[in-house]
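Single chain ahead, by itself, as structure tokens, in the form predicted alone.
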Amino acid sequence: MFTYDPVLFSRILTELTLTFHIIYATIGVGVPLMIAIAQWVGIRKKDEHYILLARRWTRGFVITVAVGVVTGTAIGLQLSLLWPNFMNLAGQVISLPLFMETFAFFFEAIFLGIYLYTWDRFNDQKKHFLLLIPVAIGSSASALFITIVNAFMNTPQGFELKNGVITNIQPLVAMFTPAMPTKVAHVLTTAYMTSAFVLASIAAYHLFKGNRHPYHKKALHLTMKAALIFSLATIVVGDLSGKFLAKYQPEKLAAAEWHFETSTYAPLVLFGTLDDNKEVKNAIKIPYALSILAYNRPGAEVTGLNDIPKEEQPPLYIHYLFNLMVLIGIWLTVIAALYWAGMKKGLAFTMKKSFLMQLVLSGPLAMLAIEIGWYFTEVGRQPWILRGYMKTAEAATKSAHVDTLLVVFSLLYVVLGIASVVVLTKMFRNNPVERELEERALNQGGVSS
């Protein structure tokens, strides 16, 4: 017989909200930078195509910001409703970055509004471009501050807990935890990378459908170059993240790699299965690679799960999450590198339909990797919500109505998702690039191309 469990429903609702929100949050962080790059290239080259890229991306970006505000508000509401014990404890310590995240969003939103409604009011495009700088800074700062909160949950510090009472609170110490540098760097680089791939996949789709307008070719070229740069940056940050886990969250690294016995010369395990005795079967093992990932030395000793108390071990299925995240990231980097090399050498394969289809798929794959990465981050911290201090089951509400909230918010996300897709589709379908270029050329007394 089904038994109502508020902890389970709280976890499902939080996971659902984050799954939906992270799509808009990632775009919200990365797209402003891409808009700024496009407009700057357009100004520097005096190329109307790049200027129009910035303009059209901005219109779409505004829609995602509107939906992101709703889902972000839902997360804040759910933290208080679903995880009151956590907020009572952590809210006293880590409230500063939560406040700063709100400030950063308003900073971004104010300048975004000014930027959006002053497109044709500047004779000098460089002055208009300056309005984008605070937008890009604000969006990245917002991600920085909210990621600081998540980093605190993984390596909490800056307070003392005595008999359930928090004392000696140091807000700045709580903000600058050991997890902060790698987590912030990983969130920012992957957001920039994913946004570049999403925009590239849109351009590739038009080319795949046979529209070989120079606008789409320039859009693809710009976004794929950015995607390659941020893909390589993500690999570097990912390596640093592995070293962080080895030092501060060894149980998470061990579970991700199905590394049970503490040993030197530890191999990296890819996929495979576990039998009843937790023996790894049918896996690809790369010799010494886990020791190198963790400590840069093939002979380094890596802590195994058997040395971690059983009640503090993360679920072992995070192994597959980690593998999928890494493999998608590597594939995207390879695709971006192939495109760059092909364009550099003038090879025809970059415009062939088979390769363009890979580029079309790169956006959804990048977003999938983002989702998987967040599942890995959050599930890999279990059973803790605040590592070493409070377990997830201790933090949840005891309310009897979480299942009702789950239904209500699920309907909200369905409505928001459908509405945003419909609005974005109609916005661009009813205003194609060719028509907009002609109208702008007439308004400027020139000739479209």
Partner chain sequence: MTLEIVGISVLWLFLFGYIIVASIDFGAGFFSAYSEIANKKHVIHQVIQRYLSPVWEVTNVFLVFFFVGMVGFFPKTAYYYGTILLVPASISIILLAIRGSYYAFSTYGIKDNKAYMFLYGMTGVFIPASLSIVLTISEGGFVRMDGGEPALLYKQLFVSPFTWSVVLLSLTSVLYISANFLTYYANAAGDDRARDLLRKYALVWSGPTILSALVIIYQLKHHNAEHYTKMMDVSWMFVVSFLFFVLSLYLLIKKRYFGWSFISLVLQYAFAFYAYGISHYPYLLYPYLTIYDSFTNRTMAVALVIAFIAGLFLLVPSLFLLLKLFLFDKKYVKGQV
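Residue numbers count along the first chain shown, from 1. Just so you know, these numbers come straight off a predicted model, no measurement behind them.
FYI, the form predicted together with its partner chain isn't displayed, but the following is about it.
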| query | finding |
| --- | --- |
| Single option in L274, L316, I308, L96 placed near its partner chain in the predicted complex, where near means a heavy atom within 4.5 Å | L96 |
| Option touching its partner chain, based on a heavy atom within 4.5 Å in the predicted complex, out of I284, L347, I110, V173 | I110 |
| Contact check for T262, Y320 and L365 against its partner chain in the predicted complex, heavy atom at 4.5 Å | no |
| Heavy atom of P84 within 4.5 Å of its partner chain in the predicted complex | yes |
| Distance check, V31 to its partner chain in the predicted complex, heavy atom within 4.5 Å | no |
| Interface membership of I35, its partner chain in the predicted complex, 4.5 Å heavy atom rule | no |
| Contact flag, R435 vs its partner chain in the predicted complex, heavy atom cut 4.5 Å | no |
| Heavy atom contact within 4.5 Å of its partner chain in the predicted complex, the stretch among 191 to 199, 76 to 84, 365 to 373, 253 to 261 | 76 to 84 |
| Contact set, 247 to 279 vs its partner chain in the predicted complex - heavy atom within 4.5 angstroms | none |
